[in-house]
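Shown next as structure tokens: one chain only, the form predicted alone.
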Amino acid sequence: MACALVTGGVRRIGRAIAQELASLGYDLAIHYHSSSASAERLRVQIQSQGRTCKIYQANLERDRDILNLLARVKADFQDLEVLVNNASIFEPATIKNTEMELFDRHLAVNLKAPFFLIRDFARFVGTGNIINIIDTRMSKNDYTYAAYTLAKKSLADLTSMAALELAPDIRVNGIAPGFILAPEGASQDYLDKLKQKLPMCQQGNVKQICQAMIYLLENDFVTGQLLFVDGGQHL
């Protein structure tokens, strides 16, 4: 079985995606930033399933780390076939309250890193699948997370652009999660109110994100699509 690279693959949705890919028979290259202990535990877990797994530390705010990551993975896995751009940062700030450092940080991790990883996948791999994890927020103009939302809107456009350029050899699609995992520290009252705002009136789960990923990997006539897995929130 081929290898899949998952950025931000140690925590939350990224971890679930990595585990699901391992269960499908993929070997794993897992990127992480600072969670080295968690990364090592996940590596051991995936290896116990009989899959090869290597972990790669990189700070995606740094150009050098972005440009070296895929080359490092390709040196270890000649059969790299899937790239999941999941790594993300998410910090609140309206336009009026956004400092340049915060803006640059969000654009680097949420857009620049996926852009150049897509570029390098096209250059050095040449065939396969790319899945970008976006966010249902990109369907609205949420100025309370201005830099984050702008980056994710741009990542959605990049998904379409790359799908057009890289077809037919590489399919590029996106998944836009909604209320899947609770924000850290959120109260039950907050979560209940959030669920009632959704057309489906319920919280999603990481399994549903993985189901969307499997569909995109298996259906070889789908490219340039953005699947909203958000209980209708984008509506």
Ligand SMILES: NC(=O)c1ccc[n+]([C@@H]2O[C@H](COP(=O)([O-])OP(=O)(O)OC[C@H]3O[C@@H](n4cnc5c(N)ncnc54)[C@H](OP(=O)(O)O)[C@@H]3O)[C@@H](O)[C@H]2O)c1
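Fair warning: this is a prediction, and the values are worked out from it, not measured in the lab. The numbering used is simple: start at 1 and walk along the sequence shown.
What comes next is about the form predicted together with this ligand, which is not displayed.
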Exercise. Tyr148: heavy atom within 4.5 Å of this ligand in the predicted bound form?
Worked result: yes
For this session: Report yes if any heavy atom of Val82 sits within 4.5 Å of a heavy atom of this ligand in the predicted bound form; otherwise report no.
Result: no
Problem set entry | 4.5 Å heavy atom contact, Ala29 to this ligand in the predicted bound form | no
Exercise. Would Leu24 count as a contact of this ligand in the predicted bound form, using a 4.5 angstroms cut-off between non-hydrogen atoms?
Worked result: no
Exercise. When you measure heavy atoms, are Gly8, Glu61 and Ile180 every one within 4.5 angstroms of this ligand in the predicted bound form?
Worked result: yes
Problem set entry | Segment assignment from 96-104, 83-91, 161-169, 139-147: heavy atom within 4.5 Å of this ligand in the predicted bound form | 83-91
Seminar exercise, completed: The one option of Gln202, Gln47, Ser34, Ser187 with any heavy atom within 4.5 Å of this ligand in the predicted bound form is Ser34
For this session: Select from the listed residues Leu117, Ile134, Ile130, Val125 the one whose heavy atoms reach within 4.5 Å of this ligand in the predicted bound form.
Result: Ile134
Problem set entry | Any residue of 105-120 that, in the predicted bound form, places a heavy atom within 4.5 Å of this ligand | Val109
